[in-house]
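Next up: just one chain, as structure tokens, the form predicted alone.
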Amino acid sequence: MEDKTQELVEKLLENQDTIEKILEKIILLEKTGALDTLADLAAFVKVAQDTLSDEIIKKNSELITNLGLVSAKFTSDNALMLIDAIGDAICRCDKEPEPVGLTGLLKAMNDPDVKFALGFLINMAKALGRALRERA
């Protein structure tokens, strides 16, 4: 027992500067409350590690990969232009929409902006139909 105590004292003396630096950091973490946060985080990681199976980790990895693929499509120039245009359109709608019947719809068809938007929507519907058929 005395040999182990002697070894421990020698090790402490050899590493006194390092131990003082570590103690200063631990004291700072305690004073700022970060030590409790670190302990909580460590407990969370342990629970997550114990409860996540390889299957769950694999599925989450696939989900993250798929989200990356989808997000890449939404950062294409066309997607960004569409999102920007939709945002502009929403901002410009400053009055409540009114119900539109067949006559109102036909009248709206004379508006160049409506014609342009319908052309875009028809192109998008064609592309969507093609994409859906390719996946079927």
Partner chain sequence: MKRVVILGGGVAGTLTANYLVPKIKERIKNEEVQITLISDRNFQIYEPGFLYLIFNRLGEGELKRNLGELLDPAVQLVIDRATKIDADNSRVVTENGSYDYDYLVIATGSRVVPEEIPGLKEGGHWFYNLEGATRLREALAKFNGGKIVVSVMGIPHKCPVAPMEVTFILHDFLRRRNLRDKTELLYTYPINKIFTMDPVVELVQPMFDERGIQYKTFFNPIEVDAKNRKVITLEGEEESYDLLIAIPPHRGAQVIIDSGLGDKGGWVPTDKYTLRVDGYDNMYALGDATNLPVSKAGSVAHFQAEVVAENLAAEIEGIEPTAMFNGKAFCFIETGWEEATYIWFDYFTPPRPVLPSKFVHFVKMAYNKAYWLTARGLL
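Positions refer to the first chain, counted from 1. If you're wondering where the values come from, they're calculated on a predicted model, not measured in any experiment.
Only in words, not in the display: the form predicted together with its partner chain, which the text now covers.
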Please state whether every one of the three residues 57, 61 and 72 places a non-hydrogen atom within 4.5 angstroms of its partner chain in the predicted complex. yes
Is residue 100 near its partner chain? Define near as a heavy atom within 4.5 Å, in the predicted complex. no
Would you please decide whether residue 86 lies within 4.5 angstroms of its partner chain in the predicted complex, comparing each non-hydrogen atom pair? no
Quick one: is residue 77 in contact with its partner chain in the predicted complex, heavy atoms, 4.5 Å cut-off? yes
Considering non-hydrogen atoms and a 4.5 Å limit, does its partner chain approach residue 37 in the predicted complex? no
Answer with one of 48, 90, 27, 81: the residue that has a non-hydrogen atom within 4.5 Å of its partner chain in the predicted complex. 48
Can you check 105-113, 49-57, 90-98, 27-35 and let me know which stretch has heavy atoms within 4.5 Å of its partner chain in the predicted complex? 49-57
